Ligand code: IVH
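Single chain ahead, by itself, as structure tokens, in the form predicted on its own.
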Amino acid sequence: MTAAATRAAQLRDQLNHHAHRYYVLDAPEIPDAEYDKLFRELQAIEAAHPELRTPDSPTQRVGGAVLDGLAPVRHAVPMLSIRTETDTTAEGARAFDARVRRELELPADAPPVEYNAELKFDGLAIGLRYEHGLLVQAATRGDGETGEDVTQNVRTIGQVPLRLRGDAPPLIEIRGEAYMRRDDFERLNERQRAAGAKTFVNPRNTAAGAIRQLDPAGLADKRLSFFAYGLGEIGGWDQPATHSATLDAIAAFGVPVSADRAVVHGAEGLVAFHQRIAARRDALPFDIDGVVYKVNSIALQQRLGFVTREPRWAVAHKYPAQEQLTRLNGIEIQVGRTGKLTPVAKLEPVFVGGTTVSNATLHNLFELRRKGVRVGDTVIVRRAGDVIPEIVGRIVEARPGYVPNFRMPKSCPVCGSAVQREQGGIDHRCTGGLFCAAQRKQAILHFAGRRALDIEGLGDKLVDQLVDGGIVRTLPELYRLGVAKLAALERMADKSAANLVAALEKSKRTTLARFLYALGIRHVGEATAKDLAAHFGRLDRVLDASEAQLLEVNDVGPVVAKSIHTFFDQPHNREVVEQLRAAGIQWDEHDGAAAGAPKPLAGLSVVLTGTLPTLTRDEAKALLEAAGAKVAGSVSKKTSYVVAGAEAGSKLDKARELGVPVLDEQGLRRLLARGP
């Protein structure tokens, strides 16, 4: 008894600590599965020794405390949570059905009980109070009796109607879940990482923190969503006879209700729903941690009533946890298609989110440092849906001795090229480019692109075959491909092979600007490539240019100059360039040497819109730029001319509004011939 009392006290302290971290601070230290394990242990002790159950036990409360700064809201109808069935097998559903039948005193030969089965969303419970159709208050669950007024924050959720549709009752409180979609969560964290700011642990905590923050203006970038699942207080309205019909009525009022729900019969109907949703769980756009079963008849719900603070007529049937604890055994570097270096955690294999995970992304060095993760730590790994598993934090505990911080390598682990991080940036990148095997497919696809060397027929699937089969390892090897070798590839006929060889031959005649763009130098787009060609005139001058000389080029700043200089400073990149020249790629060395060429349209800004009779947009743009004009994307007071073709849209309207001269294709040709 003394040991049980001691352990119960320890568990209460731990659970209260973690509940405060989770619900109040929105900064959990352990995953949900670990919390649930401690909670079940305390429940078991209290069930065996009821005298140890105290009023402050976590088993006797529903949720977290009211936060300072948010006004308390007393719930007219207690906002209670439902019992959780932790047996994730079919037996969990069968056990619930058996309890319901037993409480209703149904004989063995009685018809199956009708249930409404729905999703258990992983968000924050919210009650929406509408009076005569108008949203007057939104409140969190809080401790079940008293919640927090979050009306102004909830009003920012686009899915929550400010006024109900149709013939709304005088009073209705619609209860549901505020949550964050996975894609919105990932976009938010990408923005945070790009800004070097703190990332968020999971969608559930992000939604909870957003709803309860004191300044509603901060919710704009978090894009919360909402699903209704039930009712609280109602007045002057006859509730439908079933829960499913109630959800239909809520949906008719214009409040979102998930379509992933079903009316099922008996235990086997519940089992089938649980299994069906499990198969689709990863494909859902939001996180769930289980499904919920509710006796469908409202009359039967009232007959069943409550036990302690939980309804007898409902249960949450869980799925395997999406966060688990495991050991970080090592950190390796993965080089992506664009040369970005990503630290990857090598984990002690752990079953999480329905699969065994042994690798997880750490995103970048700054993210890794913020999380304070080091080799040997016990870490929290998360996997939700098709999102790549990631480490979201570590368990704070003493490390066995000194463990050094992880450092990014100075050389690419794939090709040995220098690794570079741009000033002010957060990503480390391999500078190998054309030479690096990890970037090979991306380099070839970019090289063959329409705006680069324009090699028709060289697409993703063919590049996969060429690289994966070891047929092409570098760009110059493209020009050694023959019809016989190509025709031997899967789904490649003789005619297609011959067409590709012809396209490769045709691509050898290009321009210096296109060639520079095709090399895939970081930060060198079409415009910069044209500026480089125009400024230097010859490739060798670009290859040998110092950073100071590159800074003299129009619109080239320090970051771009360093990127170009670093690229051509790599011996293997210069070797690839020389091999491409040796393969026969050539251009008129004067095509970029605009120094001596006339520029009749220099200083003019021209906007293209619509479809011209004989010129494509790219052809018209090339003619204008060759004549010295700048081709802009939008019309302003500084625009010199707008060239408009068929189906010209708002740009033409804007030109007329501002009085900007408008030309057709003939007018464009006259302008090019005579100048302004």
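Position 1 is the first residue in the sequence shown; the rest follow in order. A quick note: this is a predicted structure, and the numbers were derived from the prediction, not measured.
The form predicted together with the ligand exists for this protein as well; it is not shown, and the discussion that follows is about that form.
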- Would you mind picking the one in L551, L80, L368, A278 that has a heavy atom within 4.5 Å of the ligand in the predicted bound form? L80
- Sort through F286, F200, Y229, F226 and report the residue having a heavy atom within 4.5 Å of the ligand in the predicted bound form. Y229
- Message: Residue-level question: is P311 within 4.5 Å of the ligand in the predicted bound form, judged on heavy atoms?
- Response: yes
- Query: Taking heavy atoms and a 4.5 Å cut-off, does E177 contact the ligand in the predicted bound form?
  - Reply: yes
- Query: Taking the shortest heavy atom distance, is D531 within 4.5 Å of the ligand in the predicted bound form?
  - Reply: no
- Though only this chain appears here, would H363 touch the ligand in the predicted bound form if you measure heavy atom gaps against 4.5 Å? no
- Task: Choose one stretch from 191 to 199, 80 to 88, 475 to 483, 206 to 214: the one whose residues place a heavy atom within 4.5 angstroms of the ligand in the predicted bound form.
- Result: 80 to 88
- Can you name the residues of 119 to 140 that have a heavy atom within 4.5 Å of the ligand in the predicted bound form? L119, K120, F121, A125
